[in-house]
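A single chain, nothing else alongside it, follows as structure tokens in the form predicted alone.
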Amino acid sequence: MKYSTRLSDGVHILIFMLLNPGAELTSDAIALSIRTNPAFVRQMMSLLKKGGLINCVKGKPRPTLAKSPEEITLFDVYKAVEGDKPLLHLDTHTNPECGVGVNIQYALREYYDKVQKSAEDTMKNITLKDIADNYFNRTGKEE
């Protein structure tokens, strides 16, 4: 099963930008850090721009944060890169002739919704600054 890393990749891009203010940050350079391809980075940056988190101009490799790190939450990044995709996914391909297969998804939905709400509420209280500070603490680097 493939799981999404878009949230962590989105945060990675934002932290990379924060650590390299004013630098020429091509999609190639960012892709090397994430270990992905430049097209994926451009797609992610487009989503971050549409989400109001970064400013960038096509052909000018100097993206900037659209808000201060204190104003960007993990939830903002999540919504920008994942949209309305839930964290947990129900299996909709169960056997319709099995009592468990038919009803387990309905039984789980309420709990999945609670987990989603709790996770979103937590993400709303974690800022890019918090993540950057944690990064600096772990690496011994200073801002």
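Because the structure is a prediction, the values reported are computed rather than measured. Rigid core: the largest C-alpha set superposing within 1.5 Å between the two forms. Don't overthink the numbering: it's just position in the shown sequence, from 1.
Below: the form predicted in complex with another copy of the chain, not depicted.
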item	value
Selected contact from 114, 50, 62, 67, since only one has a non-hydrogen atom within 4.5 angstroms of another copy of the chain in the predicted bound form	114
Distance check, residue 19 to another copy of the chain in the predicted bound form, heavy atom within 4.5 Å	yes
4.5 angstroms heavy atom contact with another copy of the chain in the predicted bound form for residue 37	no
Contact test in the predicted bound form: residue 74 vs another copy of the chain, heavy atoms, 4.5 Å	yes
Contact test in the predicted bound form: residue 105 vs another copy of the chain, heavy atoms, 4.5 Å	yes
Sequence-ordered list of residues in 84-109 near another copy of the chain in the predicted bound form, where near means a heavy atom within 4.5 Å	85, 87, 88, 89, 90, 91, 93, 94, 95, 96, 98, 100, 101, 103, 104, 105, 106, 107, 108
C-alpha of residue 113 off by 2 Å or more between this form and the one not shown on rigid core	yes
Exceeds or equals 2 Å, Cα of residue 85 between this form and the one not shown, core fit	no
